[in-house]
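Shown here is one chain on its own, the form predicted alone, set out as structure tokens.
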Amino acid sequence: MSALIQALRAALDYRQPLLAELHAQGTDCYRLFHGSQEGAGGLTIDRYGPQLMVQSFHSSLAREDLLALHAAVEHALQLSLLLVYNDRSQGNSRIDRQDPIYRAEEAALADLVGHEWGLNYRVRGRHAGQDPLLFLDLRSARGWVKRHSQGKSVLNLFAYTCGVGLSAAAGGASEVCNLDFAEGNLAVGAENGALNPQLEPMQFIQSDYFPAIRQLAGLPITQRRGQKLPAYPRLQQRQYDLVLLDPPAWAKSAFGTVDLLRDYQSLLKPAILTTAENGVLICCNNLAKVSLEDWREQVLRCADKAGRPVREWQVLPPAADFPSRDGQPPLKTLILNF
């Protein structure tokens, strides 16, 4: 038995109690192997409903190893799963989809449905972006939102495919607004809403983060001297009872730069001002090089400087399918009560 299969089997054994719990709560989307912490850096194995997604980030898998991983997972779960392998170790992996190692079956690349917290989510093995349509490490936050959104207005910032918004709608939110720059992301969010017709419709705003959040916060939109800003949706100043801020590590536009390492405050301050009195702001940082303690102190100082000191806070760790040997997982989530 190869060392890789041994590591996978150990990971599957470790997850048995968690998988039973997830299945009971209506979840079939989860991480089965978190390679950086479980013996194979750069390799992840995720289940998305009927699909098994294997991704390699450092080096390509050999075909025989890939098929052995697939067989081991199916044996452990007693399920037949459609295999998709995304080799992201090459520089042109975003556009090169020739699949020299393994070509997925047509059924594996079709539009599928996965489930989390009893909700339906669109699953695609391949789409215009590289990342899966549902980030699994944010499941705990989506569950928290579902449990705490009854009767609340909810703003989902950097909404991606609107999983947090969907969770808020399922939790009985009075209003859910998803904001994202990418039209394609919001289109998948609308699909997710359509897959759950029992829920109240969500709102969608396609906009760069900076002009949108600064309008909501009542702050001016600045521009560089001699540069004309692109058009952007006009929004009225207002606040929400529950706000989620989950930005990417880095992005740049004509309106500003998202930089979680050097300037989290420019993202955080307007989000704080858009959170209602006695409201909740959930903020995330997915940079592994940033320590939770340092980031937490930065967040609390920013709130004080904005004139909105945090009344209570708590750390929301990822679920057990994202183990962390040093207790410092890349994704850090803080729940702030104002």
Ligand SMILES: C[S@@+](CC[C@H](N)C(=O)[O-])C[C@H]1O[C@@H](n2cnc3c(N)ncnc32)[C@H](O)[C@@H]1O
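Just count from 1 along the sequence shown to find any residue number. Everything quoted here is computed from the prediction, not taken from an experiment.
Just so it is clear, the following notes concern the form predicted together with this ligand, a form of the same protein that is not shown.
With the partner omitted here, the residue from A108, A251, A217, V113 that has a non-hydrogen atom within 4.5 angstroms of this ligand in the predicted complex is A251. Put simply, of V243, L138, M202, L82 only one has a heavy atom within 4.5 Å of this ligand in the predicted complex, and it is L138.
Here the chain stands by itself, but in the predicted complex one stretch of 226-234, 155-163, 99-107, 121-129, 155-163, has heavy atoms within 4.5 Å of this ligand. With a 4.5 Å cutoff on heavy atoms, S207 counts as touching this ligand in the predicted complex.
Although the partner is absent here, N185 sits close enough that one of its heavy atoms falls within 4.5 Å of this ligand in the predicted complex. At least one heavy atom of V258 is located within 4.5 Å of this ligand in the predicted complex.
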